[in-house]
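Below, in structure tokens: the form predicted on its own, a single chain.
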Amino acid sequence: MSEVDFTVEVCGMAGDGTIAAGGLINEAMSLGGFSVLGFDSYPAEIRGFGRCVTKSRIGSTDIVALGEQTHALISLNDEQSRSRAVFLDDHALVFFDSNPPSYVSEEKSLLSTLSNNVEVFGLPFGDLAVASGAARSKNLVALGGFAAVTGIDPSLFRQVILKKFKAKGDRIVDINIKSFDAGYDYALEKFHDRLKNWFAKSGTQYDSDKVMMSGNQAIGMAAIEAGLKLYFGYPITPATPIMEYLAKWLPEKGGRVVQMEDEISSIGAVLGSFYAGERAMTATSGPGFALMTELITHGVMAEIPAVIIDAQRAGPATGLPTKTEQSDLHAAVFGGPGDSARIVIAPTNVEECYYMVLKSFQLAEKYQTPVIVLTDFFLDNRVENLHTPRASDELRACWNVFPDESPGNRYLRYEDTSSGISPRAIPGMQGYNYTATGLEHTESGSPDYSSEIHTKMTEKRHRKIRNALEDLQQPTEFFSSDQLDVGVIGWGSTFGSVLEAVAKSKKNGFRVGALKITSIFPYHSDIIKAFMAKSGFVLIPELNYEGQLANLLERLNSKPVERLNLVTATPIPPSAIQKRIEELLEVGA
């Protein structure tokens, strides 16, 4: 196999060590020089219930989306793994426990669901683990068998096992390495005539600058680099890991993490902190975001900066806490009372999570408004190996527009400037006191209910947001052409699937292109309109039922945009987008 594009799943019951095994595969393959995109799926219930699945796509070239067909399944629990059989490639490899701790009837066994072409490799996971010193390390035995059959250098796994368990002491490290080696040696001996050695032939090289990172880790790291002083939050999936990351690392930088009593108090504290001149942030998901909306509009009216991460999950209400969706876009852009324009941005991969969160603090300061960063369960929890992100001084710089402190200058906190941006004094600046209120107000901050003032200040606040476009990332076009039969617009975590689908359709000889949008509101209408104008069909795939971005952008097109809306609560597969592209081309032919 000179070019690797391989997907491996680990499936088991919560508590089987499934997520840990998937994580070790990701780390080992990254260490081996491969591009890796991994994603974990787990139940909302507390440990001990439900199915856990990790999926890792491993490539010798850049991986931008999850794999659809599984080439190897490591089953830590027969009954749970049966549901994964439909995703197996025709000639997949399946690793299973040949001596499970309890009897498994035929109708519940994984093997009874497999096609004849699938190759099975039975190892006594539990027995080998016990012989190595710990029954709970059967997941390591399974990894050893997988590595031996597929030709992965065992030293890669030994290194990542050492790294993972080092803090628990030498004994724990030794047990886990022994378990891995037991599975590895068993597979070499028992399956010596069926070894594939696929990865041994790949010829990839380790890049020491690459690190494995999830979207949530990138967000936490970026917030610290941005000079975050205070994080206020209330636990909610999938945003909680951001708080956990910051609780571990922010105090070392002189900051504090405060778990609040709810989301309302969290956003209130963020506004209070920014008002006082300190960078602050909160992170939540759909139900928590809904609670925050009134105070977000308070930030709009009183022109107080805030940074809010909305880690979307499938909804409405509490919905599907551990499943993914892109259905908070309308709430992020329009949620709350009144005309409350704010800035909404949406990264498409882990690296962008880092750089866009850094930028969000500057945008919030300069435009004195809440900035909402839209992510989702898939983006928050997936891991990618990427070049270590580094914040430049430029990205860390303060963008607050301070007042002119020249003698005799009359300070108006809400001065109606041509840009809409008014100089913002920080409490403590002598002589620059002002009233900040959720009531409509004059340029000085005094409450005023007249129609003239409301018209004037509403226009000022909206002018400011329109002008934010100059600092917002422009849409990026891929596979650019003067004329396209189908132009596909993607946002958020869906964009990786868009890119792969368009690339495959283009290889098939079709005139297709892709446009990535990260600035959701305000958006660069001129660039989007030009892309639409040269596209015979405009397709917008989204993980929501209503086509929320399509609703926002459709007015820019001369005819209705084509939509692909899935609410499967799983990432959009590239093949679904490719199929829709080619259906449109058949219609247009």
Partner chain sequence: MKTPAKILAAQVSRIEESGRFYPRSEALPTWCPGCGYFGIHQGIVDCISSLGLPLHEIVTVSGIGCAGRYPFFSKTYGLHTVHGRTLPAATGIKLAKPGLTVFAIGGDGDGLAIGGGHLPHIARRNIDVNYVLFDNSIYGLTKGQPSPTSPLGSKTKASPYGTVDQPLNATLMALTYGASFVARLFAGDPKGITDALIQGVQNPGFSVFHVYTSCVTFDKTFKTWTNLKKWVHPLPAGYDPTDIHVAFDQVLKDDFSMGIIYRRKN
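Positions refer to the first chain, counted from 1. For clarity, every value in this text was computed on a predicted model and none was experimentally measured.
Keep in mind that the form predicted in complex with the partner chain is not shown, yet the notes after this line are about it.
Contact residue in the predicted bound form, chosen from G133, P316, G438, G227 - any heavy atom within 4.5 Å of the partner chain: Spelling it out, the residue with a heavy atom inside the cut-off is G438.
The single option of G169, P427, G509, P251 touching the partner chain in the predicted bound form, heavy atom within 4.5 Å: Only one listed residue qualifies here, and that residue is P427.
Given that the partner is absent here, does E261 sit within 4.5 Å of the partner chain in the predicted bound form, heavy atoms only? Flag for E261 set to yes.
Considering only heavy atoms, tell me if S273 and the partner chain come within 4.5 Å of each other in the predicted bound form. Heavy-atom contact with the partner chain at 4.5 Å: present for S273.
Heavy atoms within 4.5 Å of the partner chain in the predicted bound form: does R410 have any? Yes, contact at 4.5 Å.
Is the gap between H298 and the partner chain in the predicted bound form 4.5 Å or less for some heavy atom pair? Residue-level check for H298: yes, a contact with the partner chain.
One stretch from 146-154, 282-290, 441-449, 173-181 that, in the predicted bound form, holds residues within 4.5 Å of the partner chain by heavy atom: This holds for exactly one stretch, 441-449.
Can you name the residues of 140-171 that have a heavy atom within 4.5 Å of the partner chain in the predicted bound form? If the 4.5 Å heavy-atom criterion is applied to the partner chain in the predicted bound form, 140-171 yields nothing.
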